[in-house]
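In the block that follows, a single chain appears as structure tokens, in the form predicted alone.
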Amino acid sequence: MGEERSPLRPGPDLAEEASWVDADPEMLELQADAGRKSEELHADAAAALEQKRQRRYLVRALLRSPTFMTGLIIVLFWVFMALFSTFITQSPTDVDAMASLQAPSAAHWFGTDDLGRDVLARTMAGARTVLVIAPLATMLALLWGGIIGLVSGFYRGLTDEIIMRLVDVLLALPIIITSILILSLLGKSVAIVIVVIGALFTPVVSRTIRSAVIGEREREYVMAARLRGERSAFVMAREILPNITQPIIVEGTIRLGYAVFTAATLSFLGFGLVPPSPDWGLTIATERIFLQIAPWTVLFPAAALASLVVGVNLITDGLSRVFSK
């Protein structure tokens, strides 16, 4: 026969409850902490998995976007030419006075300029300078504008008012005229051109990022971080910034297109690089006097500049469409 339970002996459920009552309070607290940590780890793992899934979805969506892929192919073509055009074509600085202003032919597909230099070689190599100046200037604008926008949108109040009024003043300044004045004062080196363009694009970037931060600062995850006692810098950098990357990416591609055009305009006006650089803006400026008798010296560099700007704009449009979904 099985063992009979005494009526005075507590059942297994009551015994288990009694054991919990008699447990050490510190042990109970440790167990509760372990449970909370386990829940946090599970939540972090689920969030990381969801972020990974979203990234895979965005990549697939972008690869299926004809607009984005067309723009990407155009931009990658010019990046390739900027890096390797000298291995494909002749040197863009080779001068042949006997072959000046020759029309496009089998020997010179894009013709030659007034010094007998190959227009095809100069057009392909001309992407080099603009693809150095424009991306670096855009990165500076995103860095400075990101800091200003985060601080202004997060703190609001008097801090926001002071910063935004200064931004409004800077936005009222014409970019090209202001750039010319600054470059006339500081010089025409590539580094100065990059800094000037980046600084002049900073105000508009800061306003865009500020708007995105304002939309995120009242979310539950931000409130939870504040309740945990996290510092403001941590909340801005680790909580808000990762959740506004999409508008930052779109704004960056928009500014990149404007930076390409601005850099070329400054070179055209004589405030960029100097001859014999094959820079597109500089080439258009120096060869425009031959437009009527040798239009190829201007049309091909102008078409190359336009194609790069169109490519960047197509990337921007593709990103906007995918992110809006």
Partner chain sequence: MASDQYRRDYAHHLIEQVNKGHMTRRQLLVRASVFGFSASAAGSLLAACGGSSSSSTSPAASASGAPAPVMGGTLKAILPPSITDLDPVTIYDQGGIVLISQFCEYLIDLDNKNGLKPKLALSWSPNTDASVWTFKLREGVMFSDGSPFEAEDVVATLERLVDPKSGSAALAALAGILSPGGTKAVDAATVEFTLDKPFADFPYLVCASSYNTVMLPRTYKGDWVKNPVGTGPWTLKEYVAKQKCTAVKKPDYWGKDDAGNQLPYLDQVDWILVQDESAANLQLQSGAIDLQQQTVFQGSQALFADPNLRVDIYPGSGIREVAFNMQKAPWKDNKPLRQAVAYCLDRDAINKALYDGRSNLGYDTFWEPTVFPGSPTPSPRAQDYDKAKQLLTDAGLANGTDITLTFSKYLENPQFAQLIQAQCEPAGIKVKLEQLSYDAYYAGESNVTPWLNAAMTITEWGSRPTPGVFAQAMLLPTSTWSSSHWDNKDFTDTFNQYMATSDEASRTDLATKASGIQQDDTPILLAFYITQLRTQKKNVFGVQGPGSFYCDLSMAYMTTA
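Treat the numbers as computed from the prediction; the structure is a model and nothing was measured. Positions refer to the first chain, counted from 1. Throughout, rigid core stands for the largest set of C-alpha atoms superposing within 1.5 Å between the two forms.
There is another form of the same protein, the form predicted together with the partner chain; it is not shown, and what comes next is about it.
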**OP:** Would you please decide whether Arg156 lies within 4.5 angstroms of the partner chain in the predicted complex, comparing each non-hydrogen atom pair?
**Re:** no
Original post:
Even though the partner chain is not shown here, does Arg117 get within 4.5 Å of it in the predicted complex, heavy atoms only?
Top reply: yes
Original post:
Is there a heavy atom of Val59 lying 4.5 Å or less from a heavy atom of the partner chain in the predicted complex?
Top reply: no
**OP:** Please check if Ile293 has a heavy atom lying within 4.5 Å of any heavy atom of the partner chain in the predicted complex.
**Re:** yes
**OP:** Specify the contacting stretch among 191 to 199, 72 to 80, 91 to 99, 124 to 132, defined as having any heavy atom within 4.5 Å of the partner chain in the predicted complex.
**Re:** 91 to 99
Original post:
Which of the residues spanning 276 to 310 lie within 4.5 Å of the partner chain in the predicted complex, based on heavy atoms?
Top reply: Pro276, Thr286, Arg288, Ile289, Phe290, Gln292, Ile293
Original post:
For Gln102, is the CA shift between this form and the one not shown at least 2 Å following rigid-core superposition?
Top reply: yes
